[in-house]
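The chain that follows stands alone, in the form predicted on its own, written as structure tokens.
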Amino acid sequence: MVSFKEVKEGLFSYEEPDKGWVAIFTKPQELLKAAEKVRDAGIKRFDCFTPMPIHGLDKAMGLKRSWVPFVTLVTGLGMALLEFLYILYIDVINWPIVYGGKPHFSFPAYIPILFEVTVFMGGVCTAAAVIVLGRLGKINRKPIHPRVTSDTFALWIGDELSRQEVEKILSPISCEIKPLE
């Protein structure tokens, strides 16, 4: 089970790459090896940029479990509870009509709509959370490398390291190392 402290740290831990070093790779396997080496070297401020999802990259980077399922669960159940209370208010207090001899609040009739509200609002709130907390709406970001969204893989190292230290960490892997301006 994920604790509230871990969720809070996960929600607000993203850091924009503004200075440091960028290593450019041509193959995803090279990026995976580099991410493991950087993680094992004890570097805390680094990130990987890829044009496609790479299986195992989160493990190679040492990332913790995602907070997105927690947001989906909480918002979905919260919205279902609000919808349940709304139906209860309408059916019992605001407009109590007897339909076909049934009691004022016949719960089994509302299970499908509660399910639909839970799924729909959980999905909508999850998408909104990913966009807002991932800072995806920022349109004036400077790309870390011009080809990283098409066929290039990049690793950003933000710790205060010299070029020789970065080359030493990534020495057995073929990559191009550039300073990030």
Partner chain sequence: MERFQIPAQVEKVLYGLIGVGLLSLLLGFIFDPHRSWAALLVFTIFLLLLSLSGGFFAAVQLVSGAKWSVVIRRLSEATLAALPVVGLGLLAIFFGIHHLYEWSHADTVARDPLLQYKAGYLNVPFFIVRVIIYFLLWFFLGNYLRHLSLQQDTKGQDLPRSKLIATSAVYLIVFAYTLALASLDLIMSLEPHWFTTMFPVYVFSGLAYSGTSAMIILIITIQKYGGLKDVTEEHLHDMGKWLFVFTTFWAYIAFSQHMLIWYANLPEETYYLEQRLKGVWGYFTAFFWIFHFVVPFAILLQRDVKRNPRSLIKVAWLTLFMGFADVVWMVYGGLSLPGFPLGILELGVFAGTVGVFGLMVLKSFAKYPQVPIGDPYLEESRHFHQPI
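Residue numbers count along the first chain shown, from 1. The shown structure was predicted, so the numbers you read here are calculated from the model rather than taken from an experiment.
The form predicted together with the partner chain exists for this protein as well; it is not shown, and the discussion that follows is about that form.
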Quick check: do R39, V74 and G78 each get a heavy atom within 4.5 Å of the partner chain in the predicted complex? no
L82 near the partner chain in the predicted complex, any heavy atom under 4.5 Å? no
Partner contacts in the predicted complex for 36-72 (non-hydrogen atom within 4.5 angstroms of the partner chain): H55, R65
